[in-house]
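A single chain, nothing else alongside it, follows as C-alpha coordinates in the form predicted alone.
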Amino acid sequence: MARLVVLGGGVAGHTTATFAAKWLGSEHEVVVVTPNAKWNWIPSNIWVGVGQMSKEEVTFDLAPVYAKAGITYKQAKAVSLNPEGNESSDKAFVSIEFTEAGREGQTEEIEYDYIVNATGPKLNFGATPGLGEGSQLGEHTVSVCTADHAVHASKKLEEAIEKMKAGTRQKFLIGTGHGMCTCQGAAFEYMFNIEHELNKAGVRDMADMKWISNESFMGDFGMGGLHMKVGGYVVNSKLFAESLFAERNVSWLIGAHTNKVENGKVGYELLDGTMGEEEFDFAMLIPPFAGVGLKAYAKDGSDITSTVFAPNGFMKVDGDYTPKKYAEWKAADWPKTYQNPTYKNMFAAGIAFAPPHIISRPMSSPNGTPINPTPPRTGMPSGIIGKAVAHSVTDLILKGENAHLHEAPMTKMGAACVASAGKGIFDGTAAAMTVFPVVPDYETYPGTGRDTDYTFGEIGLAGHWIKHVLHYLFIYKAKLNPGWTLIPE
(Lines give C-alpha, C1' and ligand atoms only; values in the text may rest on other atoms or scores of the structure.)
Protein backbone atom coordinates (compact mmCIF):
# COMPACT_ATOMS: atom_id res chain seq x y z
CA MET A 1 0.00 0.00 0.00
CA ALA A 2 1.27 3.47 -0.94
CA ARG A 3 0.57 6.59 1.07
CA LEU A 4 -0.02 10.03 -0.43
CA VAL A 5 0.09 12.96 1.98
CA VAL A 6 -1.52 16.23 0.88
CA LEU A 7 -0.58 19.32 2.85
CA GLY A 8 -3.47 21.77 2.75
CA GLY A 9 -7.22 21.50 2.33
CA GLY A 10 -7.95 24.54 0.17
CA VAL A 11 -8.97 24.50 -3.49
CA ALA A 12 -5.74 22.87 -4.73
CA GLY A 13 -5.25 20.46 -1.83
CA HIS A 14 -8.90 19.42 -1.63
CA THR A 15 -9.01 18.81 -5.38
CA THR A 16 -5.79 16.78 -5.30
CA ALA A 17 -6.84 14.65 -2.33
CA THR A 18 -10.40 13.90 -3.41
CA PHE A 19 -9.52 12.93 -6.98
CA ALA A 20 -6.54 10.87 -5.83
CA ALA A 21 -8.69 9.03 -3.28
CA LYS A 22 -11.30 8.27 -5.93
CA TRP A 23 -8.76 6.99 -8.47
CA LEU A 24 -6.56 5.06 -6.01
CA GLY A 25 -9.37 3.33 -4.15
CA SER A 26 -9.07 1.68 -0.75
CA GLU A 27 -5.87 -0.21 -1.58
CA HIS A 28 -3.87 2.97 -1.00
CA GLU A 29 -4.06 5.72 1.60
CA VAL A 30 -4.59 9.45 1.10
CA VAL A 31 -3.87 11.67 4.10
CA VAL A 32 -4.81 15.36 4.28
CA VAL A 33 -3.03 17.60 6.77
CA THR A 34 -4.63 21.01 7.16
CA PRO A 35 -4.86 23.34 10.16
CA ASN A 36 -8.48 24.18 9.34
CA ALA A 37 -11.57 22.31 10.47
CA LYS A 38 -13.66 23.88 7.73
CA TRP A 39 -13.42 24.30 3.98
CA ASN A 40 -13.95 27.85 2.76
CA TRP A 41 -15.10 28.93 -0.69
CA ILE A 42 -12.92 32.04 -0.58
CA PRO A 43 -14.35 33.84 -3.66
CA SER A 44 -17.60 34.40 -1.74
CA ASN A 45 -15.90 35.92 1.31
CA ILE A 46 -16.43 39.33 -0.26
CA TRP A 47 -20.18 38.79 0.11
CA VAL A 48 -19.74 37.83 3.76
CA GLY A 49 -17.71 41.03 4.16
CA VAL A 50 -20.70 43.17 3.15
CA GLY A 51 -23.30 41.17 5.08
CA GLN A 52 -24.85 39.49 2.05
CA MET A 53 -23.84 35.97 3.10
CA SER A 54 -23.13 34.32 6.41
CA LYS A 55 -19.97 32.48 7.37
CA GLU A 56 -21.98 29.23 7.35
CA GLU A 57 -22.92 29.75 3.71
CA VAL A 58 -19.29 29.83 2.56
CA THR A 59 -17.84 27.07 4.77
CA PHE A 60 -18.49 23.45 5.73
CA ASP A 61 -16.89 20.87 8.02
CA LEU A 62 -14.11 18.85 6.40
CA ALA A 63 -14.17 15.79 8.67
CA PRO A 64 -17.42 14.18 7.38
CA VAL A 65 -16.48 14.83 3.75
CA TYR A 66 -13.09 13.17 4.14
CA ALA A 67 -14.64 10.29 6.07
CA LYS A 68 -17.05 9.74 3.17
CA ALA A 69 -14.14 9.76 0.71
CA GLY A 70 -12.01 7.38 2.78
CA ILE A 71 -9.38 10.05 3.33
CA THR A 72 -7.40 10.19 6.57
CA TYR A 73 -7.81 13.70 7.95
CA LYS A 74 -5.48 15.37 10.42
CA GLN A 75 -6.28 18.87 11.65
CA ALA A 76 -2.72 20.05 11.95
CA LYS A 77 -0.12 22.23 10.31
CA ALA A 78 2.93 20.85 8.55
CA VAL A 79 6.18 21.99 10.15
CA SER A 80 9.01 20.30 8.28
CA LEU A 81 9.87 17.78 5.59
CA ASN A 82 12.47 15.01 5.69
CA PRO A 83 12.43 13.81 2.08
CA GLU A 84 15.42 11.48 2.66
CA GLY A 85 14.24 10.16 6.02
CA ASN A 86 16.71 10.39 8.87
CA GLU A 87 19.67 8.49 10.27
CA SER A 88 17.42 5.74 11.65
CA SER A 89 15.23 5.26 8.55
CA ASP A 90 15.30 5.86 4.79
CA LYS A 91 11.56 6.52 4.74
CA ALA A 92 10.54 10.09 3.88
CA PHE A 93 8.31 11.78 6.44
CA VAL A 94 6.62 15.07 7.29
CA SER A 95 6.43 16.47 10.81
CA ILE A 96 3.12 18.03 11.82
CA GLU A 97 1.74 19.95 14.78
CA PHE A 98 -1.92 19.52 15.68
CA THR A 99 -4.29 22.49 15.81
CA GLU A 100 -7.35 20.41 16.75
CA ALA A 101 -9.01 21.37 20.02
CA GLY A 102 -7.63 19.21 22.81
CA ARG A 103 -4.51 18.26 20.83
CA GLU A 104 -2.98 21.70 20.24
CA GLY A 105 0.78 21.58 20.11
CA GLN A 106 1.04 17.79 19.92
CA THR A 107 3.36 16.58 17.17
CA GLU A 108 3.50 13.57 14.88
CA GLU A 109 5.66 12.26 12.06
CA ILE A 110 3.87 10.84 9.00
CA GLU A 111 5.77 8.69 6.57
CA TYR A 112 4.87 9.06 2.91
CA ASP A 113 5.53 7.62 -0.51
CA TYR A 114 4.34 10.79 -2.25
CA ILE A 115 3.60 14.24 -0.91
CA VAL A 116 1.83 17.25 -2.39
CA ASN A 117 2.43 20.69 -0.94
CA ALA A 118 -0.85 22.59 -1.31
CA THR A 119 -0.56 24.68 1.82
CA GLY A 120 -1.50 27.89 0.05
CA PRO A 121 -0.02 31.14 1.35
CA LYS A 122 0.86 32.64 4.66
CA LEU A 123 -1.10 35.89 4.90
CA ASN A 124 1.94 38.01 5.60
CA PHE A 125 0.32 40.92 7.46
CA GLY A 126 3.60 41.48 9.30
CA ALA A 127 5.35 42.62 6.12
CA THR A 128 3.80 46.08 6.53
CA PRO A 129 4.17 47.75 9.94
CA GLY A 130 0.74 48.26 11.47
CA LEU A 131 -1.13 46.03 9.01
CA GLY A 132 -0.89 43.13 11.44
CA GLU A 133 1.49 40.88 13.30
CA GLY A 134 2.94 37.98 11.35
CA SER A 135 0.00 36.14 9.82
CA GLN A 136 -2.55 37.89 12.05
CA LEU A 137 -4.71 40.83 10.99
CA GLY A 138 -4.10 44.02 12.95
CA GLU A 139 -6.54 46.41 14.61
CA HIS A 140 -6.53 49.27 12.09
CA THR A 141 -7.90 47.57 8.96
CA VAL A 142 -10.22 44.74 7.94
CA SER A 143 -9.72 41.76 5.62
CA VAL A 144 -11.76 39.33 3.53
CA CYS A 145 -9.00 36.72 3.20
CA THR A 146 -10.76 34.29 5.56
CA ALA A 147 -14.39 33.78 6.51
CA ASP A 148 -13.75 35.01 10.05
CA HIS A 149 -12.01 38.10 8.70
CA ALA A 150 -14.99 38.75 6.44
CA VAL A 151 -17.45 38.55 9.37
CA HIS A 152 -15.35 41.14 11.19
CA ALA A 153 -15.27 43.33 8.07
CA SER A 154 -19.06 43.16 7.76
CA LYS A 155 -19.51 44.40 11.34
CA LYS A 156 -17.14 47.32 10.73
CA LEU A 157 -18.98 48.19 7.53
CA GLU A 158 -22.28 48.23 9.42
CA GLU A 159 -20.74 50.64 11.92
CA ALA A 160 -19.52 52.90 9.11
CA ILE A 161 -22.96 52.93 7.48
CA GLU A 162 -24.60 53.86 10.77
CA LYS A 163 -22.18 56.76 11.15
CA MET A 164 -23.05 57.99 7.66
CA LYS A 165 -26.76 57.73 8.41
CA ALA A 166 -26.08 59.88 11.47
CA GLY A 167 -24.41 62.51 9.26
CA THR A 168 -20.70 61.64 9.59
CA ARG A 169 -18.85 61.38 6.28
CA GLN A 170 -16.63 58.30 5.88
CA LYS A 171 -13.48 57.67 3.84
CA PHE A 172 -13.07 54.16 2.40
CA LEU A 173 -9.64 52.93 1.31
CA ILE A 174 -9.53 49.54 -0.41
CA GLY A 175 -6.66 47.78 -2.18
CA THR A 176 -3.26 46.29 -1.46
CA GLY A 177 -1.27 46.61 1.74
CA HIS A 178 2.24 46.17 0.34
CA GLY A 179 4.24 46.74 -2.82
CA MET A 180 4.50 43.02 -3.61
CA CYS A 181 0.89 41.93 -3.15
CA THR A 182 -1.21 39.72 -5.35
CA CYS A 183 -5.00 39.14 -5.25
CA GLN A 184 -5.95 42.62 -6.48
CA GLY A 185 -9.12 40.95 -7.80
CA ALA A 186 -10.50 40.27 -4.32
CA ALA A 187 -9.95 43.89 -3.30
CA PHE A 188 -11.50 45.03 -6.60
CA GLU A 189 -14.63 42.99 -5.88
CA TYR A 190 -14.86 44.16 -2.29
CA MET A 191 -14.53 47.81 -3.30
CA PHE A 192 -17.51 47.65 -5.63
CA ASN A 193 -19.61 45.48 -3.34
CA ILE A 194 -19.19 48.15 -0.66
CA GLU A 195 -20.14 50.82 -3.19
CA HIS A 196 -23.24 48.79 -4.08
CA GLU A 197 -24.25 48.40 -0.42
CA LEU A 198 -23.78 52.10 0.27
CA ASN A 199 -26.14 52.88 -2.59
CA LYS A 200 -28.70 50.43 -1.20
CA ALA A 201 -28.40 52.04 2.24
CA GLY A 202 -28.89 55.50 0.73
CA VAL A 203 -25.57 56.84 2.02
CA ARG A 204 -23.33 56.74 -1.06
CA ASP A 205 -23.23 60.54 -1.13
CA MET A 206 -21.67 60.46 2.35
CA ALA A 207 -18.74 58.28 1.29
CA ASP A 208 -15.39 59.06 -0.33
CA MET A 209 -14.01 55.90 -1.93
CA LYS A 210 -10.41 55.35 -3.01
CA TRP A 211 -8.48 52.45 -4.52
CA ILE A 212 -4.82 52.02 -3.58
CA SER A 213 -2.78 49.44 -5.48
CA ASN A 214 0.75 48.33 -6.31
CA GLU A 215 -0.26 47.99 -9.98
CA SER A 216 1.61 50.34 -12.33
CA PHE A 217 -1.61 50.80 -14.30
CA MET A 218 -5.27 50.13 -13.67
CA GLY A 219 -6.36 46.64 -14.70
CA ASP A 220 -2.93 45.02 -14.37
CA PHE A 221 -4.24 42.45 -11.84
CA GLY A 222 -0.82 40.78 -11.61
CA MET A 223 -1.15 39.49 -15.18
CA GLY A 224 0.45 42.42 -16.93
CA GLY A 225 -3.02 43.51 -17.99
CA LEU A 226 -4.79 42.00 -20.96
CA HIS A 227 -6.57 42.79 -24.19
CA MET A 228 -10.07 41.38 -24.39
CA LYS A 229 -13.16 41.54 -26.53
CA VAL A 230 -15.94 43.65 -25.05
CA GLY A 231 -19.08 44.08 -27.13
CA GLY A 232 -17.25 42.86 -30.21
CA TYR A 233 -14.35 45.31 -29.83
CA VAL A 234 -10.89 44.57 -28.46
CA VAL A 235 -10.07 46.84 -25.52
CA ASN A 236 -7.35 46.72 -22.90
CA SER A 237 -8.08 46.04 -19.25
CA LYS A 238 -6.77 49.50 -18.31
CA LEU A 239 -9.63 51.17 -20.17
CA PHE A 240 -12.10 48.60 -18.84
CA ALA A 241 -11.05 49.17 -15.20
CA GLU A 242 -10.72 52.93 -15.39
CA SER A 243 -14.17 53.20 -16.96
CA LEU A 244 -15.73 51.19 -14.15
CA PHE A 245 -14.00 53.24 -11.46
CA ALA A 246 -14.92 56.55 -13.10
CA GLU A 247 -18.52 55.47 -13.65
CA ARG A 248 -18.91 54.70 -9.95
CA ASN A 249 -17.00 57.74 -8.73
CA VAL A 250 -14.12 55.82 -7.15
CA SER A 251 -10.72 57.54 -7.28
CA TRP A 252 -7.46 55.64 -7.45
CA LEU A 253 -3.83 55.75 -6.36
CA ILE A 254 -1.64 53.25 -8.22
CA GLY A 255 2.02 52.27 -8.24
CA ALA A 256 1.83 52.48 -4.46
CA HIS A 257 3.71 50.53 -1.80
CA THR A 258 1.87 50.80 1.50
CA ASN A 259 4.77 51.03 3.96
CA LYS A 260 2.93 51.63 7.24
CA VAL A 261 -0.56 51.53 8.70
CA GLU A 262 -1.68 53.59 11.66
CA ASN A 263 -5.05 54.34 13.18
CA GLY A 264 -6.94 56.07 10.38
CA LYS A 265 -3.89 56.64 8.20
CA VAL A 266 -1.54 54.78 5.84
CA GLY A 267 1.86 55.82 4.60
CA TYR A 268 2.91 54.98 1.06
CA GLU A 269 5.72 55.26 -1.46
CA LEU A 270 5.01 55.69 -5.17
CA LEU A 271 6.96 54.41 -8.16
CA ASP A 272 8.42 57.89 -8.69
CA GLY A 273 9.83 57.84 -5.14
CA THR A 274 7.22 60.22 -3.72
CA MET A 275 6.18 59.57 -0.13
CA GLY A 276 2.67 60.35 1.03
CA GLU A 277 -0.12 59.61 3.45
CA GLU A 278 -3.77 58.74 2.99
CA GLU A 279 -6.41 59.01 5.68
CA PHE A 280 -9.29 56.58 6.09
CA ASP A 281 -12.19 55.68 8.32
CA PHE A 282 -12.57 52.17 6.87
CA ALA A 283 -9.78 50.27 5.13
CA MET A 284 -9.42 46.80 3.64
CA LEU A 285 -5.88 46.16 2.45
CA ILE A 286 -4.88 42.76 1.07
CA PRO A 287 -1.64 41.51 2.70
CA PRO A 288 1.24 40.08 0.66
CA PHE A 289 1.56 36.30 0.38
CA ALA A 290 4.51 34.17 1.43
CA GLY A 291 5.18 30.49 1.89
CA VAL A 292 3.94 29.03 5.16
CA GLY A 293 7.46 28.55 6.47
CA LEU A 294 8.01 24.83 5.97
CA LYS A 295 11.54 23.63 6.66
CA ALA A 296 13.33 20.74 4.96
CA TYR A 297 16.09 18.55 6.34
CA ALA A 298 18.48 16.05 4.79
CA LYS A 299 19.09 12.55 6.14
CA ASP A 300 21.94 13.78 8.34
CA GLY A 301 19.76 16.55 9.78
CA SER A 302 21.30 19.41 7.82
CA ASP A 303 19.00 22.17 6.63
CA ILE A 304 18.09 21.87 2.93
CA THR A 305 15.22 24.37 2.97
CA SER A 306 16.88 26.48 0.27
CA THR A 307 17.13 23.40 -1.96
CA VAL A 308 13.42 22.60 -1.73
CA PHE A 309 11.96 26.09 -1.40
CA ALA A 310 12.50 29.45 -3.06
CA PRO A 311 13.44 32.43 -0.85
CA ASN A 312 9.76 33.44 -0.64
CA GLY A 313 8.94 30.09 0.98
CA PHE A 314 7.11 28.57 -1.99
CA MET A 315 8.19 25.15 -3.26
CA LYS A 316 10.45 24.81 -6.28
CA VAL A 317 8.98 22.76 -9.10
CA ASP A 318 9.88 22.11 -12.74
CA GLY A 319 10.12 25.78 -13.74
CA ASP A 320 13.24 27.63 -14.87
CA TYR A 321 14.38 29.72 -11.90
CA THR A 322 17.49 31.06 -13.64
CA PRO A 323 17.71 34.85 -13.08
CA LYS A 324 16.88 36.63 -16.33
CA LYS A 325 16.08 40.08 -17.62
CA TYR A 326 12.39 40.75 -18.16
CA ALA A 327 12.76 40.70 -21.95
CA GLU A 328 14.33 37.24 -21.79
CA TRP A 329 11.50 35.55 -19.87
CA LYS A 330 9.66 32.93 -21.89
CA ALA A 331 6.43 31.01 -21.52
CA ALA A 332 8.59 27.87 -21.45
CA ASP A 333 10.06 28.99 -18.10
CA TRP A 334 6.80 28.12 -16.36
CA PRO A 335 6.26 24.70 -14.76
CA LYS A 336 4.24 21.98 -16.43
CA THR A 337 4.09 19.02 -14.02
CA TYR A 338 4.74 20.78 -10.66
CA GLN A 339 7.18 18.06 -9.63
CA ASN A 340 10.07 19.05 -7.39
CA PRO A 341 13.31 18.73 -9.40
CA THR A 342 15.30 17.25 -6.49
CA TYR A 343 12.77 14.86 -4.96
CA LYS A 344 10.61 13.18 -7.58
CA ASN A 345 7.96 12.04 -5.10
CA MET A 346 7.24 15.63 -4.12
CA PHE A 347 4.84 18.00 -5.91
CA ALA A 348 3.31 21.41 -5.27
CA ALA A 349 -0.10 22.70 -6.34
CA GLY A 350 -1.91 26.02 -6.34
CA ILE A 351 -0.34 28.99 -4.58
CA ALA A 352 2.24 26.74 -2.89
CA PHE A 353 4.43 26.40 -6.00
CA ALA A 354 7.10 29.04 -6.64
CA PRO A 355 6.55 31.00 -9.87
CA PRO A 356 9.75 31.34 -11.92
CA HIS A 357 9.19 35.07 -12.32
CA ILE A 358 6.50 37.72 -12.03
CA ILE A 359 4.13 38.34 -14.96
CA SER A 360 3.73 42.10 -14.67
CA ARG A 361 6.71 44.21 -15.62
CA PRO A 362 9.10 44.39 -12.62
CA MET A 363 9.32 47.94 -11.32
CA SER A 364 11.04 49.74 -8.45
CA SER A 365 11.03 53.24 -7.06
CA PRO A 366 14.21 55.38 -7.24
CA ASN A 367 14.69 54.33 -3.60
CA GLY A 368 15.02 50.70 -4.69
CA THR A 369 11.62 49.62 -3.36
CA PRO A 370 10.04 46.96 -5.61
CA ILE A 371 6.46 47.88 -6.44
CA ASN A 372 4.71 45.39 -8.67
CA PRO A 373 2.09 42.64 -8.35
CA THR A 374 3.15 39.03 -7.91
CA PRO A 375 1.54 36.30 -10.06
CA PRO A 376 -2.00 35.17 -9.20
CA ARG A 377 -2.41 31.39 -8.84
CA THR A 378 -5.78 31.17 -7.13
CA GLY A 379 -9.21 29.83 -8.04
CA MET A 380 -9.56 27.98 -11.32
CA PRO A 381 -5.79 27.52 -11.94
CA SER A 382 -5.39 26.01 -8.46
CA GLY A 383 -8.12 23.45 -9.16
CA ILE A 384 -6.76 22.55 -12.59
CA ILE A 385 -3.23 22.13 -11.25
CA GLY A 386 -4.47 20.09 -8.28
CA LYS A 387 -6.32 17.67 -10.55
CA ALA A 388 -3.29 17.28 -12.86
CA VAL A 389 -1.03 16.55 -9.89
CA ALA A 390 -3.54 14.00 -8.59
CA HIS A 391 -3.44 12.32 -12.02
CA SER A 392 0.36 12.20 -11.96
CA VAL A 393 0.66 10.78 -8.45
CA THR A 394 -2.08 8.23 -9.10
CA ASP A 395 -0.29 7.00 -12.22
CA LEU A 396 3.07 6.87 -10.44
CA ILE A 397 1.52 4.68 -7.74
CA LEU A 398 -0.52 2.42 -10.04
CA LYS A 399 1.80 2.24 -13.07
CA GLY A 400 5.24 2.71 -11.56
CA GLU A 401 7.84 5.43 -11.26
CA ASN A 402 8.24 5.76 -15.03
CA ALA A 403 4.61 6.70 -15.58
CA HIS A 404 3.86 9.73 -17.71
CA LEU A 405 3.31 12.93 -15.72
CA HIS A 406 0.25 15.00 -16.51
CA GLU A 407 0.78 18.63 -17.44
CA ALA A 408 -1.14 21.80 -16.63
CA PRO A 409 1.09 24.75 -17.60
CA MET A 410 -0.41 28.17 -16.91
CA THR A 411 0.96 29.24 -20.29
CA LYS A 412 -1.50 26.88 -21.98
CA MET A 413 -4.31 27.19 -19.46
CA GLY A 414 -7.40 29.28 -19.85
CA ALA A 415 -9.26 30.65 -16.87
CA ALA A 416 -12.60 32.28 -16.20
CA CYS A 417 -13.05 34.97 -13.59
CA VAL A 418 -16.33 36.42 -12.40
CA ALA A 419 -15.66 39.59 -10.41
CA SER A 420 -18.67 40.72 -8.42
CA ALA A 421 -19.53 44.41 -8.39
CA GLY A 422 -22.56 44.10 -6.14
CA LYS A 423 -24.95 41.35 -5.03
CA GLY A 424 -28.66 41.48 -5.79
CA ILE A 425 -31.32 39.40 -7.51
CA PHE A 426 -32.27 42.18 -9.92
CA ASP A 427 -29.63 44.87 -9.40
CA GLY A 428 -26.46 42.80 -8.92
CA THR A 429 -23.61 43.13 -11.38
CA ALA A 430 -20.39 41.29 -12.10
CA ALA A 431 -17.62 41.42 -14.66
CA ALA A 432 -17.40 38.01 -16.29
CA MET A 433 -14.02 37.54 -17.97
CA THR A 434 -12.09 34.75 -19.62
CA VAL A 435 -8.38 34.81 -20.32
CA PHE A 436 -6.29 32.48 -22.47
CA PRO A 437 -3.60 31.76 -21.56
CA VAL A 438 -3.25 32.91 -17.95
CA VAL A 439 0.47 33.53 -18.36
CA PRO A 440 1.04 35.44 -21.61
CA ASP A 441 2.92 33.73 -24.44
CA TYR A 442 4.32 36.41 -26.72
CA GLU A 443 5.91 33.93 -29.09
CA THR A 444 2.58 32.25 -29.89
CA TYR A 445 0.50 35.45 -29.62
CA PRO A 446 2.74 38.39 -30.65
CA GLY A 447 1.73 41.78 -29.31
CA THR A 448 -0.88 40.83 -26.71
CA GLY A 449 0.52 37.52 -25.46
CA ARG A 450 -3.00 36.08 -25.46
CA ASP A 451 -5.62 34.82 -27.88
CA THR A 452 -8.25 37.57 -28.12
CA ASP A 453 -10.76 35.07 -29.52
CA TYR A 454 -10.79 33.41 -26.09
CA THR A 455 -10.12 36.46 -23.93
CA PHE A 456 -13.22 38.55 -23.44
CA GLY A 457 -15.32 40.28 -20.82
CA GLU A 458 -18.79 41.65 -20.14
CA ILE A 459 -20.32 43.31 -17.11
CA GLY A 460 -23.92 43.12 -16.02
CA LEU A 461 -26.62 41.24 -14.14
CA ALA A 462 -25.90 38.01 -16.03
CA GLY A 463 -22.37 38.00 -14.63
CA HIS A 464 -23.74 38.28 -11.11
CA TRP A 465 -26.02 35.29 -11.63
CA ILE A 466 -23.13 33.26 -13.02
CA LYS A 467 -21.08 33.98 -9.88
CA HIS A 468 -24.09 33.24 -7.67
CA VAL A 469 -24.68 29.87 -9.35
CA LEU A 470 -20.95 29.02 -9.25
CA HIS A 471 -20.93 29.59 -5.49
CA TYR A 472 -23.42 26.76 -4.93
CA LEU A 473 -22.00 24.60 -7.70
CA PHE A 474 -18.47 24.56 -6.32
CA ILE A 475 -19.56 23.98 -2.73
CA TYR A 476 -21.70 21.09 -4.01
CA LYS A 477 -18.62 19.72 -5.78
CA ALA A 478 -16.33 20.20 -2.77
CA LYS A 479 -18.76 18.25 -0.58
CA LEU A 480 -18.40 15.33 -3.01
CA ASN A 481 -22.11 15.18 -3.69
CA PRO A 482 -23.42 12.89 -6.48
CA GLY A 483 -21.90 13.80 -9.84
CA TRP A 484 -19.17 15.98 -8.31
CA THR A 485 -16.53 14.79 -10.76
CA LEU A 486 -18.58 16.10 -13.68
CA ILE A 487 -18.29 19.70 -12.49
CA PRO A 488 -15.16 21.27 -14.03
CA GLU A 489 -12.47 22.86 -11.89
Ligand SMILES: Cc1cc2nc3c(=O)[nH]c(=O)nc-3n(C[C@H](O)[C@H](O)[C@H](O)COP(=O)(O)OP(=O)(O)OC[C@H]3O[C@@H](n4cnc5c(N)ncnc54)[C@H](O)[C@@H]3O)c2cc1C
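The first residue of the sequence shown is number 1, and the count goes up from there. As the structure is a computational prediction, the values presented were derived from the model and not from experiment.
There is another form of this protein, the form predicted in complex with the named molecule, and it is not shown here; the text below is about that form.
In the model of the complex, none of the heavy atoms of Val30 sits within 4.5 Å of a heavy atom of the named molecule. Under a 4.5 angstroms non-hydrogen atom cutoff, the named molecule in the model of the complex has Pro43 among its neighbouring residues. Interface residue remark: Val230 is not counted as part of the site for the named molecule in the model of the complex, having no heavy atom within 4.5 Å. Taking the partner from elsewhere, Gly350 is found to have a heavy atom lying within 4.5 Å of the named molecule in the model of the complex. With respect to the named molecule in the model of the complex, the three residues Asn36, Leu294 and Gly379 uniformly fall within 4.5 angstroms at the level of their nearest heavy atom. Contact with the named molecule in the model of the complex, defined as a heavy atom within 4.5 Å, holds for exactly one of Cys145, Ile212, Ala388, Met223, namely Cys145. Between the named molecule and the residues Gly132, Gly255, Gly120, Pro83, the one pair within 4.5 Å by heavy atoms in the model of the complex involves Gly120. Proximity to the named molecule in the model of the complex, taken as heavy atoms within 4.5 Å, picks out 179-187 from the listed stretches 201-209, 319-327, 179-187, 154-162. Along 6-45, these residues reach a heavy atom to within 4.5 Å of the named molecule in the model of the complex: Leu7, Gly8, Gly9, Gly10, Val11, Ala12, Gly13, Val33, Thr34, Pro35, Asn36, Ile42, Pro43.
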